[in-house]
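As a starting point, one isolated chain is supplied in structure tokens, in the form predicted alone.
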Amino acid sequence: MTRIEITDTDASNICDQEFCGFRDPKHEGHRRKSNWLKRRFAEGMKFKLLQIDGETAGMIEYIPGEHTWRPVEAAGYAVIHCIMIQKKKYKGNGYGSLLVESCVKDARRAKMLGVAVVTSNGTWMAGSDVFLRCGFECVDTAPPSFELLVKKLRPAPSPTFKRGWDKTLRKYGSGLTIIKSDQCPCIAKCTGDILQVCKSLGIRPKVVEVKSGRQARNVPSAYGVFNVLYDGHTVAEHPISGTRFRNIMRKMQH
């Protein structure tokens, strides 16, 4: 019989865990994410692992809306940052729904208004399907393909995306700007690869480190934790490879 467990992590044990496909605590992405989580637990962050027969198979991360790292107005709601079933053999078996329902139960116990999540149709972020199956509804959208989904637990105003994307974008001026954080363990490598390409192309980028939820809620993208901007345009609103970045810049400069 399959043994399924959803276990909590905390500041005392997160460094020893496998998460998001990262196992080695010495890996820069694992180390940065672990340290980021340690600071977030004090803000009410929940980072749960799905374990099947003792093997880590997935995870879910969520935090009170007042502290979320997504550019949304969601006070009183729990906001899911990430959900992942990281091994192919476990996908398509309803385990994602188990993780979502675990979050909903926590929100109900805490007498929160509901649960919100930002989704997109890319492979780098959770799509809407698992949430729609769990009773979520779309209440707002943001460019280019983000949706804000919500499951309300009692009558309340719906969360919304922050507004004024173009105005926020203009604040960063001309040239190349990389907006990064440690919320995703993939960002460290992605940023390093992009910086190497910048060097080879003779581009001198500005790197902006996002260090708080307040900062993340005011970046010019609904993803909130990573952005690449160039001369007032969004080059990437999620982590991309160095090769992809090089191709984009070659097209923009010619």
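All residue numbers are counted from 1 along the displayed sequence. Please read all numbers here as calculations on a predicted model, not as lab measurements.
Separately, the form predicted together with a small molecule exists; it is not shown, and the next lines address it.
For the options Gly94, Pro157, Gly173, Pro144, the residue carrying a heavy atom within 4.5 angstroms of the small molecule in the predicted bound form is Gly94. Only one of the listed residues (Ala107, Leu149, Ile179, Ala126) places a non-hydrogen atom within 4.5 angstroms of the small molecule in the predicted bound form, and that residue is Ala126.
You can rule out all but one of 108 to 116, 164 to 172, 127 to 135, 71 to 79: in the predicted bound form, only 127 to 135 has residues with a heavy atom within 4.5 Å of the small molecule. Looking at Cys103, you'd find every heavy atom of it more than 4.5 angstroms from the small molecule in the predicted bound form. Using a 4.5 Å cutoff between non-hydrogen atoms, Met84 counts as a contact of the small molecule in the predicted bound form.
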